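Single chain ahead, written as structure tokens, the form predicted alone.
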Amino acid sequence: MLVAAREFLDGEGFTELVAPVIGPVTDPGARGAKQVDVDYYGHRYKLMTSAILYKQAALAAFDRIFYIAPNVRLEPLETASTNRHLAEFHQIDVEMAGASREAIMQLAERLVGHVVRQVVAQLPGELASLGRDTSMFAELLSQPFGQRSHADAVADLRGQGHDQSPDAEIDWAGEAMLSRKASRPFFVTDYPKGSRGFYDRESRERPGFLRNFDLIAPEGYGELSSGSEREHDYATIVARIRETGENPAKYGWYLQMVREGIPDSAGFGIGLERFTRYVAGLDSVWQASAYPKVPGVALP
């Protein structure tokens, strides 16, 4: 899958860079996941929960970049039973200068399609030994991915009796419910402001809504990817950080870079282990890692 992803992105003119593992600050994260602090010569540094801030920085030198990025998030203990959370995982992280949300969604769709097509063509024996029915990929490989708004997804879930908040991300149970009803991957767009990080750009045409998306796999596998257009205006980013209750000084190096000017961009991250679980038809995401770190479980 990584060979196929690199093949596709290289063909699209992307440069692979190496993501940092530690830094003075990282993506603030959400949904109760905790960051891991390390003592870096007397300074408190963080293990990366996401490469988003560093992807934006990389655009000062390259217009199109990607990482195979390590991430560490101490997920809440209850996520150990979701079958799709790990405390240590990797993302195929992509960022493109000057891109709109629609352009980066199309790129994500084509990347997923290319990887699945290559696996089905080159590894039929492996898929058969895993019991994976490759006919389940027929719509993915022949039809455009679906798309719906966050508000529409919330209404759907509430109609099914699921108490999904209209002001928050779709919760894990809700994602699984929407996923089980789908026969091909689909995008959920236009999350409400406040439900995601300060780097997701707010819509100029629809204030209060973000120019972002999630990509949801069918068959109950849930979210594969999150992405958005990025906010790159200094004053707006500072205001958004303050709205979350954080001190902008914490993001000093990043804000200095933004003040000096960074390109507008859009990007996404595809969870590699989640993507592998979906393609291979595995019961749980931990089966997609040789050395899985299940939340709350001590493992090698």
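A quick note: this is a predicted structure, and the numbers were derived from the prediction, not measured. In this text, residue numbers run from 1 along the sequence as written.
What comes next is about the form predicted together with a further copy of the same chain, which is not displayed.
The shortest heavy atom separation between residue 260 and a further copy of the same chain in the model of the complex exceeds 4.5 Å.
In the model of the complex, a further copy of the same chain sits within 4.5 Å of a heavy atom of residue 19. Taking non-hydrogen atoms only, residue 87 approaches a further copy of the same chain to within 4.5 angstroms in the model of the complex. Although the partner is absent here, residue 4 lies well away from a further copy of the same chain in the model of the complex, with no heavy atom inside 4.5 Å. Residues from 286 to 300 that approach a further copy of the same chain in the model of the complex with a non-hydrogen atom closer than or equal to 4.5 Å are 291, 293, 294, 295, 296, 297, 298, 299, 300, in the order they occur in the chain.
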